[in-house]
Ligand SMILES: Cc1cc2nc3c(=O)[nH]c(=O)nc-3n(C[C@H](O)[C@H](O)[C@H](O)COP(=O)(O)OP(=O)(O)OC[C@H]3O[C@@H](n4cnc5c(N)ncnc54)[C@H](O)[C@@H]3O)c2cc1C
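Next up: just one chain, as structure tokens, the form predicted alone.
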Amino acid sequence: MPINRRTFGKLVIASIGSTLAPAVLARPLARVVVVGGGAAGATAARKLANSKHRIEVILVEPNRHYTTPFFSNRALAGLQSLENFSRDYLKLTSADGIRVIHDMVIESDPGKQTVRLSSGADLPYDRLIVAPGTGLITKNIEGYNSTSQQIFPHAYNGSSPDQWVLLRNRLQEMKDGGLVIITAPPRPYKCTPAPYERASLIAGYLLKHKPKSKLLILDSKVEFPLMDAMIEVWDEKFGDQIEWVSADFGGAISGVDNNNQSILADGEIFTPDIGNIIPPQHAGAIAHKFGLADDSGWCPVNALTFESTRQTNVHVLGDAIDAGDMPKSAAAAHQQALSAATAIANLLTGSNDPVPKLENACYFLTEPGQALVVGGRYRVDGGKIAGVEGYSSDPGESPEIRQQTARKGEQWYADVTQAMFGRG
């Protein structure tokens, strides 16, 4: 066929069309906006972005770095630097193709399916994932206000390292012979074993560096996970240096005095050198602002998809949800996010990919190099999460078994943070 201006033009158009076709086909089928870049939000964003489906993922997170609350008790005890537990979002952007916006979501319009940023921009979505974490409940602690967090740092809530730095500095500066008080809140709260791991590691720090000092745990409960195994360790290793006071013996705190830096529990006044008050918790503020939390303070969801039962096309993940039998932990949040992301992709694309099973494993140290574990497997029954099987460490385990558990915990942390943030 002779090539003239007309036929040449047709060939050029055909060539351009064949070049553009893959790009046109690769256009996203749907957009998912993820609010909150912690354990649950980051996991869900990566899972959706790396799925075989063409889903555009936008992650909105105000902070450029995330300090993992899980495992950070090690930094308080001086076993590792706090920087070891800091993660950024660079690999989510570069390797996973997620659009990360460092901003705050200030409004939500479920009818229009948009969220508004503090910059004024509106983000439309086909599905919205909200991973708000937990907020602190302080109204029942008389005298507690924003100043109290500087006097009695919680070092427990949020992704900023400021509270952990404050408490760590206080421990380093405290004179030998001082009193450290840790208060443990009533259930439910995130990472139920964490206050007791913290107590054990700080007691170890005191024994080594400030041996005349004492640690007192004021507890709003009468028991805690793996209590028998942990108290056995405390008795053998620390003796009278550490004391646990349960709620039925006056451990539940009721107030603070910021001026005198004292804590009130069951009518008794304690004046520690360091007070680490961990208040009760509920779903993070944005969950309440957007109407996702009910009167319990937590967010009810259909656990098949983690879609809110209060708003359509909105899914809630992590510590903020009413998770039935499943605990509030980083491991649980990670597994929930994997399950939810798969379910959301199926809803958006009509696929039928298998949804990952729900599992949990919480590792916590009794001392450097030795750890306990508690975990389980779960199923969804009637939209709720129900336990299937549980397991835990036993009292009297050998040092070798505790060392193996500690190594498994280290590997879990490396694996899960890589899965969340794309780095080891």
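Just so it is clear, the structure is predicted and the values come from calculations on it, not from any experiment. Position 1 is the first residue in the sequence shown; the rest follow in order.
There is another form of the same protein, the form predicted together with the named molecule; it is not shown, and what comes next is about it.
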Heavy atom within 4.5 Å of the named molecule in the predicted bound form - residue from 104, 304, 90, 264
104
Can you tell me if residue 330 lies within 4.5 angstroms of the named molecule in the predicted bound form, counting non-hydrogen atoms only?
yes
Report yes if any heavy atom of residue 362 sits within 4.5 Å of a heavy atom of the named molecule in the predicted bound form; otherwise report no.
yes
Taking any heavy atom pair closer than or equal to 4.5 Å as contact, tell me whether residue 200 reaches the named molecule in the predicted bound form.
no
Under a 4.5 Å heavy atom criterion, is residue 317 part of the interface with the named molecule in the predicted bound form?
yes
Just one of 293-301, 219-227, 178-186, 104-112 has heavy atoms within 4.5 Å of the named molecule in the predicted bound form; which?
104-112
Within 4.5 Å of the named molecule in the predicted bound form: residues from 110-136 (heavy atom criterion):
131, 132, 133
